[in-house]
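One chain is shown next in structure tokens, namely the form predicted on its own.
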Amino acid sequence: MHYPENTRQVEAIIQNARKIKTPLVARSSRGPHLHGASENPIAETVDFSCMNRIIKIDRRSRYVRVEPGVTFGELIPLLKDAGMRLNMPLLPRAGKSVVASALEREAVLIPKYQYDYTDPLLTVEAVFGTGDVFRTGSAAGPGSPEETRADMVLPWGPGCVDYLRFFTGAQGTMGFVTWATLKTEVLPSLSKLYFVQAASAEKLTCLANTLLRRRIPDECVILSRVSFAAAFAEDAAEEDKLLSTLAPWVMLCRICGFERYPEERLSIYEGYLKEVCAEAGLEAVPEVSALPGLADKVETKITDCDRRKTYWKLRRGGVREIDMLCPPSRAPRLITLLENLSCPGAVGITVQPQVLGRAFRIECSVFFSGDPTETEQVEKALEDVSRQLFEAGAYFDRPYGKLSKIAFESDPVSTEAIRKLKRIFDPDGILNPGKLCF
């Protein structure tokens, strides 16, 4: 195990690993590690938990620069004090690295502020497998980060190459990121959460598409009844109550007002929301289910990380996941395939609009006991359905484990191009070998 405290030490670790031909794998989040990208039995672990500085919070330019050891649990309260918030995933673990989440392109909750799949990531500093330090975009230089006059928030470059994409979704195979700049959003002055229930997901995906074209909601996410209950129930009794009272599908839609005329803005968005829902034959309501205070609890949770002792996805003991991107038109077919999944445990599905609603990220989580026999059955069922999903138009942009084979074998030309880049930036193949197509 290596515990670097700065970029120079990361350089030294990688340069030494090249000399002695020792593979390395990066880890920045605290456990549990669900996807296995930060675990490699043939590699030494470089743990970034000691690199946990919040370098800069800039409200005027709306960004934050942090090292990879900074977690959601640490950063969210500090941003709130500065009047800002992160565009972040649904209920991330409190110990999840903010930088790792952005690098993994985890789905964000506010699609109307997401203009590219790499958002909210802006620039990074990284050490390639050659041992060379590199900074992307307007952080590229000249000079050190402390000396440069650039604001270091422009993602593209240097030159005409978008180097940022070398690192996102790469699972630490191209380089180890030592700090990142992330875009932040202004904290709303007023907000109101609405629930829209439906018997089918298709009605809600069409509704979300319409709402986001008109840029009405901030947070917008669609959950199956199982996912909703798993995420927001505090115990088994509450979970059973939600499962027995909710419709099969629920959309969370949060509208916000800001510093200038917040009441007026909220009122206008409220009118638009109800009008669009009525046109779709649906109803947006501020309360749902028989649990008192649920709306306030849900709104608090979706603007924070999961600080409970047991992470919500692991309440039953084990979880296995598969996620994909798709255009809105293909979402209903993919969701149907997942609804018909047959395996032990409970199947939860989350549909998150991305990039102004131009695509949906669909995540299927199977919650089960964690028993080894059940684990094998669940993994086999997900492997089988993944091929059906791929043939139906799913795009696996975050392939973990066996899913990598499906993602890369269909495009040998691009796969070989990626391998050529790998040989340039990690010529000895020491960074997380065996992952993706390497």
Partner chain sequence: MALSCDAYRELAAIVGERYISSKQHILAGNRVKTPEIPFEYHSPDAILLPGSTEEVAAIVKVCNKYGISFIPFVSGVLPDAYANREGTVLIHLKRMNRILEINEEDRYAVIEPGVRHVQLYPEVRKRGLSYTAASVGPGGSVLANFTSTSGDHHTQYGTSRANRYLLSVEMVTPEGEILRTGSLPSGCGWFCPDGPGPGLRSIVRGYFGSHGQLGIITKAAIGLEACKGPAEYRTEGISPHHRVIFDSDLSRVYVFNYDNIQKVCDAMLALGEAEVCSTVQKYFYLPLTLLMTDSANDFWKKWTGGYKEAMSMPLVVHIAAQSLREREYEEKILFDVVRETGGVRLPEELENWWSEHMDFFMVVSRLQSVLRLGGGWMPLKLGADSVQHVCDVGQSIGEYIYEFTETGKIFDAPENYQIIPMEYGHFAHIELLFMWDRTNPAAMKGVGEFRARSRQEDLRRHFHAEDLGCLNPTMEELGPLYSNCHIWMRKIKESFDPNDVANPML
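Note that the structure is predicted; figures quoted are calculated from it, not measured. Numbering follows the first chain given and starts at 1.
Beyond what is shown, the protein has a form predicted in complex with the partner chain; the following relates to that form.
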If we take heavy atoms and a 4.5 Å cut-off, which stretch out of 289-297, 311-319, 235-243, 268-276 is in contact with the partner chain in the model of the complex? 268-276
Kindly confirm or deny that 118, 152 and 258 each have some heavy atom within 4.5 angstroms of the partner chain in the model of the complex. yes
If we test each of 225, 254, 183, 301 for a heavy atom within 4.5 Å of the partner chain in the model of the complex, the one that passes is 183
Have a look at 89, 344, 73, 137 for me and say which one sits with a heavy atom within 4.5 Å of the partner chain in the model of the complex. 137
Using a 4.5 Å heavy atom cut-off, state whether residue 157 contacts the partner chain in the model of the complex. yes
For residue 128, is any heavy atom within 4.5 Å of the partner chain in the model of the complex, or not? yes
Touches the partner chain in the model of the complex: residue 393 (any heavy atom, 4.5 Å): yes
Hey, in the model of the complex, is residue 421 touching the partner chain, heavy atoms inside 4.5 Å? yes
Hey, which residues along 351-375 are within 4.5 angstroms of the partner chain in the model of the complex, non-hydrogen atoms only? 356, 357, 358, 359
